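Next up: a single chain in C-alpha cells, the form predicted on its own.
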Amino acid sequence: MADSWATPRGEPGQRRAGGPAGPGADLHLDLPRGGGTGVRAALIRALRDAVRTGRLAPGTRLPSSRSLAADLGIARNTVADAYGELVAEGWLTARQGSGTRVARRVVPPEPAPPRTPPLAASRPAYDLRPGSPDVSAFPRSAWLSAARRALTAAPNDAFDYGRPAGRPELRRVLSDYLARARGVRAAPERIVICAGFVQGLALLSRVRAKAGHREVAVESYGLDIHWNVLRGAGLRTVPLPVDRQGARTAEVDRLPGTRTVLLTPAHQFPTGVPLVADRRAAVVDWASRVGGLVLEDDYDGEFRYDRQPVGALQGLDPEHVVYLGTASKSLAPALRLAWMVVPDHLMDDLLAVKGTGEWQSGALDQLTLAEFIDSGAYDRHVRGMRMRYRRRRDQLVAALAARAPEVRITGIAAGLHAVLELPPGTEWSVVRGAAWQGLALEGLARYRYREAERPDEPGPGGQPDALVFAYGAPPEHAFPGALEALCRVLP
C-alpha cells in the first residue's frame, strides 16, 4: 500500500459552514500502487474507513472526482463510481451546487476499553498552590497589538533558525528594563534568552559540571524540581539553612567542595523573606574570594507592596552572579520566555551548550515581548497586576484577622503567595481537610529539603507548621470563594 495525498485542484478554496474542511484541504488516503481492478474497492474502503473513524467529519466537502482522480493518478470514472456507491450506502451525499460531502449520520463509536474509576475529583474547586499567576488576566489585546507591530517590523532573518543567545531586539530592551527596574548591570551581549527558568538552570548546571564543579548549595526550603535539574546534570546538592532572615549564606564557607549557590534572595521561596543585607554581602564576598558563582532566581521581582523593591543581587557583583528572570509570573507561563544575565567568562561555554539542539523560544514571541516592553505596555500591566494582587493580599489579611486570629501570616510584603503559620502538629490535617473541601493547598513541609534538619520548635534553623497560600493564582471572580473556603478549613 502507498500513502497518497489528494490535494483538490480547480475548485473554489472557500470553507463552508457545512463541515470543518473544505475543497482546498488535503485528503490522505492509503491506496495500492499501480492502479488495476482493485483500486476502486480500495478507494471505497479507504473513504469508508475515514468516515467511520471520524477522520472525515460529517459535512466535510470532498474534492471533485476530477481533482481526486488527478491527484491519485487514477481514472476519473473510478472515483465517480466509488463516490456513487458510498452515496448509495449512505456514507456520502451529493447535491448539485454543494458537491460531495460526508453524510450527517451517527456512526457507532468503537467500544472504549474499561477504565478504572477515579479515586478523587479530577480538578479541585480552587487551586491555591503556588507556581502560576492569575493567567485569566493575561493582557490579550495589548499583546495582540504588540504582536502585530512586531510582525510588521520583523526583519527577514527573524523567520530563519535563531541563534542560541536569542533575538537581539529583546536582549537590547531587557538590558534597559532590568537596569531600570531591578538594578541589574548587563550589556545586551551578556543576556541569553531561554525557554523558562528550568531550561536556564539546566544549561548552567551542565556548564558547571563540565567545568568540574560537582556540588551546589541550595536553600533548605525550595522547589524539588530545581534540585532535580541540578542532580540530573550530575551535580550534588547540599542544603543551606533558611530562617526568618533568608538563607544563612555565611555557612557556605563550611562547604569546601561548593563553588555554586542557588538562591532566591529578593523573596525566598516559599518562606517569603528577603535576604538581609549582611547575608547578601557575605555570599557575594564568598563568590569573589573563592571564584564561586551565585545563581540568582528572581522569579517574582516585580511584585512589591509595603516596601521599596529589593534590588537584584547581581548588581553587587556581575562577574560572580548569574541573574535569572522570567515572564512566567508577570505575564504567563505559556509564553516560555525567560532570560539569564551571564558573566563574560561563562558566555562562550553557555552558548556552546545551548547551541547543541536545546529548545529555543520562538523568535516572533521574543519580538513581541520586546515590543511589549519597549512600548510601555509591560510596565502598565505589571502596575495593574501589582494593585490587583495587593488588594487580594489585604483581603486575606483582613479575613484572617476576623476569622482566624491565631493564624500568623508572613511573607506578605511581596510576591503572589503568603505563609500561614498553624498550631504545631496541624499542617498535615489541614492540608488533608482542605482536599476534602475541594481546595488544593500545599503545606510548608512540601518544600523542605528532605535531609535538612528541622527542630521540634521553630528556631534559627527551622520553620513552623504552615500553609503556602497562593493568593495570586485564582481568577478575580473566584478569589472571594477561595478565601471563604480557606477560612473554613483553618483550625
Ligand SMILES: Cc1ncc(COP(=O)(O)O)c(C=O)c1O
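Quick caveat, the model's predicted, so the values are computed rather than measured. Position 1 is the first residue in the sequence shown; the rest follow in order.
FYI, the form predicted in complex with the named molecule isn't displayed, but the following is about it.
Proximity of Thr271, Arg304 and Phe469 to the named molecule in the predicted bound form is absent: no residue of the three has a non-hydrogen atom within 4.5 angstroms. Interface residue among Arg393, Arg190, Lys329, Lys354, judged by heavy atoms within 4.5 Å of the named molecule in the predicted bound form: Lys329. Comment: the named molecule is not present in this chain, but in the predicted bound form one of Pro239, Gly131, Pro164, Gly99 has a heavy atom within 4.5 Å of it, namely Gly131. At the 4.5 Å threshold, heavy atoms of Ala142 stay clear of the named molecule in the predicted bound form, well away from it. The shortest heavy atom separation between Tyr126 and the named molecule in the predicted bound form exceeds 4.5 Å. At the 4.5 Å threshold, heavy atoms of Leu223 reach the named molecule in the predicted bound form. Residue contact check for Phe372: none of its heavy atoms lie within 4.5 Å of the named molecule in the predicted bound form.
The candidate stretches are 231-239, 153-161, 190-198, 276-284, and the one lying within 4.5 Å of the named molecule in the predicted bound form by heavy atoms is 190-198. Taking the named molecule as it sits in the predicted bound form, the stretch 283-311 comes within 4.5 angstroms of it through a non-hydrogen atom at Asp297, Tyr299.
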